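A single chain comes next, written as structure tokens; it is the form predicted on its own.
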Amino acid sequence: MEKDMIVRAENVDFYYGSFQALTDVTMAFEKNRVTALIGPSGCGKSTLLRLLNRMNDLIDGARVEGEILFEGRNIYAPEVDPVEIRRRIGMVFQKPNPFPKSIFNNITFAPRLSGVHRKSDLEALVEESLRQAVLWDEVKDILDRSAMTLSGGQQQRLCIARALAMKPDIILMDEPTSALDPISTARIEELIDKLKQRYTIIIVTHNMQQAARVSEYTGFFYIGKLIEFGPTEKIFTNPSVKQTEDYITGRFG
């Protein structure tokens, strides 16, 4: 019996206009696990991440071939609503990007759009999301303050809480700590470890030590191709492909 795979990419090619950014990528992501995507800049990691929740739809001239199956259904099928996909597959970006609103309104913005209006429901959602993002104790007395007054690390945890408020199944993280100091980075890494009990997490990172620390599985990309994919420990200690070994040991990339 195959393990519980929540998302799989099957023979995915992706183009920005005439430029092919991904070539024949096939990989599956296991539920309630952290998968890291590593590789040099411009190798297709973030492109794949954005394909998983149809963020690339927003780019003119973008074209995907192959299938991305979420719970067995191709998310690029014509009848699939991209808004619903983005609700169930949340995203946290490289730079913290809180809305210029209060902490409370940052978290309730999307739930309100999707029909949650009762004050008690919104308050409960805010507390639950902030607790899950390990931010509640720091902000519970300043929920009406602008999110822009928080530190960078707090802003990034707020963005994670904002993604959690939509009750997603999967959280995509695109280099979520690259703009943060080491202490904030450690906090986010601890948070990732807690969140995987309830969510599937896919993280793009340039930091190989981070990939080794937080993930169970790692995929190594190079020039738009998935070179190797497997358990993180194996990828880092006994890779099957010389190119992977050269990248991990710093011989290129």
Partner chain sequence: MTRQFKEILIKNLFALLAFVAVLVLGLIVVFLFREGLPLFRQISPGRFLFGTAWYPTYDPPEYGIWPLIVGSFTVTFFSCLIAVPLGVLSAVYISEIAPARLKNVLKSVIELLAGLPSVVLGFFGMVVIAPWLQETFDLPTGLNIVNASLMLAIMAIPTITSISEDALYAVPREFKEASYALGATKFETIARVIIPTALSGISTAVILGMARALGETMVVLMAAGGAAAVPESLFDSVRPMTASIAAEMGEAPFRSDHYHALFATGMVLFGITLAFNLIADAISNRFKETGSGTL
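Numbering follows the first chain given and starts at 1. Bear in mind that the values here come from a model prediction, so they are computed numbers and not experimental data.
Omitted here: the form predicted together with its partner chain. The next part is about that form.
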Can residue 50 be called a contact residue for its partner chain in the predicted complex at 4.5 Å between heavy atoms?
yes
Would residue 77 sit within 4.5 Å of its partner chain in the predicted complex, counting heavy atoms only?
no
Please tell me whether any heavy atom belonging to residue 125 falls inside 4.5 Å of a heavy atom of its partner chain, as the geometry stands in the predicted complex.
no
Is residue 211 part of the interface with its partner chain in the predicted complex - any heavy atom within 4.5 Å?
no
So, a 4.5 angstroms cut-off on heavy atom distances: do all three of 223, 230 and 242 pass it with respect to its partner chain in the predicted complex?
no
Need the contact residues for 58 to 73: heavy atom within 4.5 Å of its partner chain in the predicted complex, sequence order, or none if there are none.
58
